[in-house]
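Here you get one chain, nothing else, as structure tokens; it is the form predicted on its own.
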């Protein structure tokens, strides 16, 4: 009898173990992870699909219809009006110039600054704390002083004015992204370069920079995206078509007769395409730069 009870206990434990295994397989196995991933992708793509669909609907259907996809035919009038009624191409050109130049300027400052802070303790504890503080500070807090400074030097309503502001705003982000990457570089490589007669600047340029290139590229891509999407400073510092960036250009579709949803959707897609192309061609460097820099080598 005792042997039978012991056998029943073992059978019950085995059954519970098998049940737990199947439950873990269902809720935490590869099929479950795949379902969660597909749901996550769907949540991201639904707004994009809605914008694409809206850009090809007739204006009346946009205002009266409730379906996601066009029900009264696919039209391209929204795309035509988006480029004819608003100088959209000029806004895209302005944003491209501001994003590229501001990113270059930010990296030119951030790379040597990060190296100097980490390796030579430049600024002590205050400088890194100050950089982090400027990163987390709401931009609206400094909007009025920045406007006053830009106006004082005569750069309001000019591309170079908004470019310098974007570069200044992106420097803390670039420093923060490059910081952990520089820390993975062995100090012995720099000491060997100094023994060979390299100056500190030569060591940064010829030894450190090639090793942190993926991190610098990742920081550059993120700075470009942030500059491309920035709205507040562009709204404050630019007034005319010659200096308005793309986010400000989108707001021009809001007029006295209401919002032009179809034209705005077409313009939004036109502005999304360059960023998607940028991320597509730099995705490998972007992922490597954001992940490898956080691991000690």
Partner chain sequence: MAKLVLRNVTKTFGKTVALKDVNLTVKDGEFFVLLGASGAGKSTTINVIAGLEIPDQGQVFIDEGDVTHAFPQDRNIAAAFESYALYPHFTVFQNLMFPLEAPRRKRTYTKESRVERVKEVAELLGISELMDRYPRELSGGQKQRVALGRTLVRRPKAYLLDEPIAHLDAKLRHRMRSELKKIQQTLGITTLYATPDQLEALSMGDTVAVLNQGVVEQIGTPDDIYYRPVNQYVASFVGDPPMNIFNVDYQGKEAVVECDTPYRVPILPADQSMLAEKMGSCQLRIGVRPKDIRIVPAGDPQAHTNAEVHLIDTLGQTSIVVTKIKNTEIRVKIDSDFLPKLHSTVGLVFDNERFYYFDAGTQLRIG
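Numbering follows the first chain given and starts at 1. What you see is a predicted model; the values in this text were computed from it and never measured.
Another form exists, predicted together with its partner chain; not displayed. Remarks below refer to it.
- Heavy atoms within 4.5 Å of its partner chain in the predicted bound form belong, among the stretches 217-225, 187-195, 67-75, 95-103, to residues of 187-195.
- Within 4.5 Å of some heavy atom of its partner chain in the predicted bound form lies at least one heavy atom of residue 206.
- In the predicted bound form, residue 199 approaches its partner chain with a heavy atom inside 4.5 Å.
- In the predicted bound form, residue 154 stays away from its partner chain, with no heavy atom inside 4.5 Å.
- Residue contact check for residue 138: none of its heavy atoms lie within 4.5 Å of its partner chain in the predicted bound form.
- None of 133, 124, 145, 210 but one reaches within 4.5 angstroms of its partner chain in the predicted bound form through a heavy atom, and that residue is 210.
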